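The chain that follows stands alone, in the form predicted on its own, written as structure tokens.
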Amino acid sequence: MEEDTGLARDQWATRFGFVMALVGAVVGSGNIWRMPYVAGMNGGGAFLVIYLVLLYLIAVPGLMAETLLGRYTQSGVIGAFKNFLGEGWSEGLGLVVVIVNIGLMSYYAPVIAWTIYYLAHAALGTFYQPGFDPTAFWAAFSGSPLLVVGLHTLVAVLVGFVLLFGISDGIERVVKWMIPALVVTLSAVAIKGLTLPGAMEGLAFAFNPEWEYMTDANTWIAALGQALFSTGLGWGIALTYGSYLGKNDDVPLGGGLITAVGNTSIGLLAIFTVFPAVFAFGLEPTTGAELTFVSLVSIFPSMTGGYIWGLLFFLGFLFATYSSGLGITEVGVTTVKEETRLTRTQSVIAVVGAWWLLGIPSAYSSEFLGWMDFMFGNFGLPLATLMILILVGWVIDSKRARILDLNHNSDVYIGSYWDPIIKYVIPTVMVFIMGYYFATNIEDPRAISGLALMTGLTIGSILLMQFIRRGKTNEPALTPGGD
């Protein structure tokens, strides 16, 4: 385990390890169970064109900004704000990002738990028993408090165990083999899917361009959401992982372009993995848990060699979700360790314990999980992104950040086009996203709750950090020779 020696800060041992960690953190379940369906329902190839434009025009520059902030400050989220705005209220902005991450992980951990359960049953051959009903199996599992909370606890143990070993000896050592293995497993299932009769209909659903969707605002919003949130922009992961880069390590290539290419490639690979099989067996294309844990499970028993393909699919799915869990949790661990007197071990226990406790309702109730996803996904993450990008774009100044830091020792030169994207475009987009989801769901109690929660969280965090710093300022000083 990483020892708290007080010496130099941990760093990534290799660029490959950093890139794999960042790709693994942002891939997640959304690329596998969401991107294929969203692409198919929003114009196929037209959606993908819009997605790629928005990805490289907005998301990648934002990812670079977040990574450079971490590399420059060599600090976690709160430390990054404190570095430029001083102690007190500004630290509350960083605290908001940390709390949003803990909230996010609280309902993401149950998804990892589901994957572990289904991987175990894929290995046991449960899905291939006569009379197996995937819908009834899912209902029995999700309705068992002992199972879902027990597996939720197992996820906490597995995530915490790796994080105890730190960055280079923990996260890097795991993701260097896990992410390549994810690509291999999904590729194997995709190749098998393409050999099935009717597979081309699935690819046509996902890729055939319906150009009229190019003028549909809903398509642009869907593509924007996929581009921004599939890269993990604003979650604090790129900032935190970037803080473990050396001062001379490249940001634009590793922290932006390669990560985006890897993330997009896995998303496209998921389309080849999922829809050929779904259409080959005449199923309705769906998204989310229904796609992974019901539709696909019903397919594998009918495939030649289905045992192997099912096992490989759920193994790859576990790699995607688990590596994301490591990245999301590390945001809090790094910050807690830096801003308190806790050791890394104690910080891991504190952060993992927080999202484990907060996540019990999501583990027990899919409805509550959906509620949390709506609030944090549509309001929490855009808010966190807004705070980080305002810090880079306005406080530091995007032009200054690009010239003095982003292009320092960079393998790819970033031009002045980057400046207004960071300063104006992304903050405006984040405000638009929150406003859009509130306006279009104004009668939904989740929208009211989400906006109220994030407003209260921001004000409360600022006041809390101001109170803490004021209390420390008023502490009596220790004088030599005093009692």
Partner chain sequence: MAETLTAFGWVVMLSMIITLWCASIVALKKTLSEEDKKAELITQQGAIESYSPRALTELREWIENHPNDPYREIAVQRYNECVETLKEIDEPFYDWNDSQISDLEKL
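Residue numbers count along the first chain shown, from 1. The model shown is predicted, which means the values in this text are computed figures rather than measured ones.
Keep in mind that the form predicted together with its partner chain is missing from the display, and what follows is about it.
Although the partner is absent here, D405 is a contact residue: one of its heavy atoms lies within 4.5 angstroms of its partner chain in the model of the complex. Proximity of E284 to its partner chain in the model of the complex: non-hydrogen atoms within 4.5 Å are absent; the residue sits far from the partner. Taking non-hydrogen atoms only, G306 never approaches its partner chain to within 4.5 angstroms in the model of the complex. Although the partner is absent here, G86 is not a contact residue: none of its heavy atoms lies within 4.5 angstroms of its partner chain in the model of the complex. With its partner chain omitted here, the record of contacts in the model of the complex names 249-257 of 112-120, 336-344, 249-257, 97-105, defined by a heavy atom within 4.5 Å. Using a 4.5 angstroms heavy atom cutoff to its partner chain in the model of the complex, all of F205, L269 and V412 count as contacting. Between the options A139, V184, M200, M214, the residue in contact with its partner chain in the model of the complex by a heavy atom within 4.5 angstroms is M200. T264 is the sole member of S243, S324, T264, S362 with a non-hydrogen atom lying within 4.5 angstroms of its partner chain in the model of the complex. Looking at 36-61, the residues that come within 4.5 Å of its partner chain in the model of the complex, counting any heavy atom, are G45, L48, V49, L52, L55, Y56.
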